[in-house]
Every structure is written in C-alpha cells, then in structure tokens.
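Below you will find one chain, with nothing else, as structure tokens; this is the form predicted alone, and questions on how it binds or moves follow later.
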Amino acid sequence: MIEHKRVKKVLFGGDYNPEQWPEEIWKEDMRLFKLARIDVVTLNVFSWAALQPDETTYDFTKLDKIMDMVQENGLKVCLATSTAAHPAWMARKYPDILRTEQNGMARRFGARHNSCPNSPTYRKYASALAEKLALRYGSRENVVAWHVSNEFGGACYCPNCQKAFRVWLRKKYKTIDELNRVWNTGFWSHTFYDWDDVVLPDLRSEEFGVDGRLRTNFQGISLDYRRFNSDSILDCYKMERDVLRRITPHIPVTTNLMGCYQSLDYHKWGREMDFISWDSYPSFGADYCQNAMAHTVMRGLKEGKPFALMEQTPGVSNWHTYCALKRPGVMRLYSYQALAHGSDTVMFFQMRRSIGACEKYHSAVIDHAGHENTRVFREVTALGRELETLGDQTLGTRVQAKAALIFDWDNWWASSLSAGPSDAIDYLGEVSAYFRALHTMHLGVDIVGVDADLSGYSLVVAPMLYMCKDGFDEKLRRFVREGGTLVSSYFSGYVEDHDLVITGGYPGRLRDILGIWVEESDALPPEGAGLRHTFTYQGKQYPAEILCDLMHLEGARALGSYDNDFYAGMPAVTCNDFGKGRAYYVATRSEEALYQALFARIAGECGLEPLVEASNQVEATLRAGDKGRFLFLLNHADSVSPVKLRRGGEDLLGGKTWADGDVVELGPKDVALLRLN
C-alpha cells in the first residue's frame, strides 16, 4: 500500500477542497481536523482550471498556500493531478479534446469524464501538468501518494478514437485476414478489405438497443472495442504515472477505482498501479455482501496486497434515488469493513460540504453548519480516536483465504453482449451469488482473475465461465488434477478469447475436467410466466432459474436432477473425480440455500473451516502478517448477534480478552477486532 517512512497508522482523512472557500475558513478547518484526528487529505482533485488559466500560464499561488498550511498542521497529502476535468479554454480552442457519445452526438464543454482519451490535446496538457506538479511538490516529505485524475471511466466514439482503434487492432491482429477470422466477418458479408474499413461499433453501426438492453450484431467487434476503450483510458493513467515516477520515484502512484465497474478491465489496471485505491458508496439498505465483494475484488487486483479506501461518505450520499442518512454506527461499521477486507486507510469524500453544484448535499466531515456539534462529526471523531489507538498493528497484514472465486472482465463483457440465450443472463449477479454463499458461511474467499496463481487454494469457484481463455483450461486442469476442487456453473466453456464458439460440444475446453456434455440449454421465463422449474439435490427441492443445461454424464456422477418438463430426471448437479481432485457443475441458477448446501459438502472434503460460528448477518475475516493474526467481526444486524470463537484473543477495540470457544455478543452494527492468541 502507501509505503512511506512517516506512515505509522491507518491513514484517516479524505478529499479536501479549500480552494472552494475563502482563506479565513482554512484555519477553522485545521482546528476541526485536529479534533477529529484527521491526518491525511487528498488535495487538488479538480483544480486544472485554476492552475492553468491559459495555454502557457501556470498559477500555483493558491495551491502553494494550501500545501504550506497542511504541512504546518502536520497533515499528510495524497496529491492529485487535477486532470479529471479540463479547462473551458481548452475545449474552446481544441474541440478534439471533447468526447463523442455512442449515438454519435459530439459533446460540448461541461460535466467531467468529458476528455477523449485519444485526444493529442488532452495527452499533451495532462502530462505537462503532472510534470509541473511533480517538480514543484515532489520533494515535500508529507506527500505520501500521487492521485492521478479521478474515477477514470466512460467511453468515446470520436474520430480520434476510430483512428486509434484501427492502430490497436493492427497491433493485436497483425493482418486484415486474421481480423476477419476472429470477427467471423464471413457472416452478413462483413468482410474488411482494408484497416480503414473498420468503424467503431456504436449505435450508428453494429450496436442497437432493445427494451433497454444494448445488443450488437458482431460480438467480437463490440468486445474488442471494450478492450480498446479500457486500454486507451489506462494509457492516460500510465502516461501521467510515468511522468510522476520519473521525477518522484519514491512516491507511489494510484488512482481511485470504483469496485465492480464494468467499463474498465481492472485486472489490467491493477498491474499498472503502485497500490489499489477505490471509492465505496453502497446504497442505503444494500446487502452488505455487495460491498464486501467489491472490497474483495479490489484486493485481488494486486495479489492480495493491502489497498486504500480512498472515498466513502461520512453520512449521506447525494446521487442515490433516495438519499437516506447513514444510521448511527453504520459509518464506523463500513470503515471497519474496509479494513477487514484489506484496506490500510479510511478516507472520505468530503472534508467540508460544498455550497453549490451537484455535490452540495453530499455529506462531509464538516457540515454546512460549519462546526463540530453534529452527529456525523462526533462519529468521525470517535472513529479517529479508535484508529489512533489501533496504530500500525494491522498495517500491511493480508487477508487469509483458501478459496478463490474467478472474476473476469472479458467474461463480463462477452456474456453481456451475447446474442441469447436469455436477457436474464447476469455474470456479475452469478459471481455475487457464489460469493455471498461462501462469505456468509464465514469461509475466507479471495476474488482473482484468470491470470492468478491458484496453487495456494484448495477450492476454486468459476461461475458462468462463458469465455474460457487460451491456457486457462489447462491451469484449471492442472489445479484439479493435483488435488484441488473446482466448481463451475451453467453457460460455461462456450467460447474462446474472441467470442468464437468452441465446437465439439459444451462446455468446450472444460468438458474432460467436468466430465459432462451439455447438449442444449433451456432459457426459462421469469417465475409466474409459466411452469416453475425445480431440481432435487440431497433430498431437497430447489428452484431452477434463467437457464437449465440439459447434459449427459461422461464420467461425472449426478448429485441432483431436474424434477419437471421433458428433461425431468436429467442431471442438474454433478461431481467428477479428475486426477487427485474433483470438479462440480451446477447446471442452472438457483438460490443461496443450494449453494450453501453444496459448499458445506465441499468444505468438508477440502478441509475448509469457517472462521467463526455465527449468523449470516455477521461478517468475519482474518488478516495476518508479522504483527499477528487479526480477526474482524462485524455485526450488520439491528439486534445483538452471538459469535462463537474458534480461537480467542484480545479485542483491540473493546479491551476484553476472549478464550477459545467463547461466545462474543456483538451489539447492533458493532465491531470487534481480535488479535488472536
């Protein structure tokens, strides 16, 4: 994470925008920060217009004052490069900097995420500003990290991007014949004769909308555009990062990611970032497992290394449909949830609430009231004191898990773009269902990509592995053959890297590992539109939804079978012995009770033990390192939840010592953090 000689504890603070306020307010902010135990601020996130008022002029007068002020007050700085929103003069003078929408509409100046990633203008001025900032502030000892741009995202379909797409394709495929092969352009007379024949797949060409869902005539073209767009935006990050590294190699560089965000392949991004940071904004009443999964995805981008919680709201978010308040204790609970899943920081957006524009009703440490006598400020201060007491004990420790869940952006894109068999196919939802089952059973789980080393895991779960990439089947084959357990599900193994079907029978490259042949799949309408489909597993009946694979056994044995329709009696859940290991297959979408029943069986076979005995409203994770083993317990219920410990230890937050087998009574929304014996 942030490796710096002056970082001795979990950093606590967040986004601070003093440039939006008169200077007499700044001194009061410093007083309030001290009260709340704030020790880090993210500065300069959206200041490009102020720093560069024209092509040749740079003005750092105000930023110099701000940097001096926070240094004098002992605050560390995560210094942003301000390149997330370009100045108005740039758009007026160089319209190539503006994005074009998917429908062909050229954007005008306004909003953010409005700079074309392939604009020569954007790249020229963004890298120049990064260089100016690095030279001016890189020697300050309190700068502990660089923050490039802000929440990269979106897409562009402008002429610059079309030219860059052709270059990207030529580099990837080398010849026009290979491009025609991987895109299967013999279909519908789409053969390309020249690279200049290629156009972007937007609403003017290959893509179209039906009932609110985006469709495409050529999945391979649309898939490659998504890869290209992610790479193009990543190149903008790398461009600034390289400038910063050249001048300040001692300061780590990051940007704030957004959890399970579909537009960018964060596995590629993770390889280019010095440490992962991300912004966590669960909606009111959301299942806590959604946020837990996002934390786990972020942790997995960097081989399980600690990450930074760069933003969360201390109170209310302003962009949800209903902006409900965070109830008392929830901010603390979510903060420790981040630490439990691998964060080494707790940071907020924002430090002082803005008075205008679209985020003026987004919560802040310092509210519009302007003083410390608010509920939110009191809760932030109490948490600041706890983190001060905790010190560096958990810093650098890693979450421990023997189960891995595969999550892959190419699979997400490709399954979303698939022309059938059902509009209800939901890759993220499928992965989430398996994660929730494992997590609520208190079985430690990582979420990793297809490039990850699987050798340290006993169990690998790869739901809806629609696209089985070149070499990944061999990695899974080796994992199972050497004694691992694999779980996969319906709509797996259909295509290779370019979304071309692997012929010879589904699940393609996984067929021998799973010991089955899927002859066809039945797409089911929503419940209530017809027959309710079910299957029986271990004497209990479970719902069958979305798709039902109709499969034949090729060495596997049936553990459960369908109950109705013309495929009644056909296998629905199977297990195949393969080498020293086993491979399970679930042929349909079902409910959490089914997944938990299956994992209860598998955990016994793999020797996986739950961290604690507790209800599914309690979250448990284990972090370990040179400083010890730390068990995080979080009660998401509105009532007391008992937790039976396997190992005892000292509660670093409550001060009590627990023995092996003791039962901890966690209060509503409460947290315990045990250093285990």
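If you're wondering where the values come from, they're calculated on a predicted model, not measured in any experiment. Heads up: residue numbers just count along the shown sequence, starting at 1.
Keep in mind that the form predicted in complex with another copy of the chain is missing from the display, and what follows is about it.
The three residues W48, R92 and D367 all sit with a heavy atom within 4.5 Å of another copy of the chain in the predicted complex. Contact annotation for R375: at least one heavy atom lies within 4.5 Å of another copy of the chain in the predicted complex. In the predicted complex, another copy of the chain stays beyond 4.5 Å of every heavy atom belonging to R246. When contacts are judged by a 4.5 Å heavy atom cut-off, K540 does not count as touching another copy of the chain in the predicted complex.
For H86, a non-hydrogen atom is located within 4.5 Å of another copy of the chain in the predicted complex, even though that partner is not displayed.
The partner is not drawn, yet in the predicted complex one stretch among 470-478, 204-212, 595-603, 169-177 has residues with heavy atoms inside 4.5 Å of another copy of the chain: 204-212. Put simply, of L135, A382, V501, A286 only one has a heavy atom within 4.5 Å of another copy of the chain in the predicted complex, and it is V501.
Residue-level contacts in the predicted complex: of K124, K360, K580, R557, one residue has a heavy atom within 4.5 Å of another copy of the chain, and it is K360. Shown without its partner, the chain has no residue in segment 638-661 with a non-hydrogen atom within 4.5 angstroms of another copy of the chain in the predicted complex.
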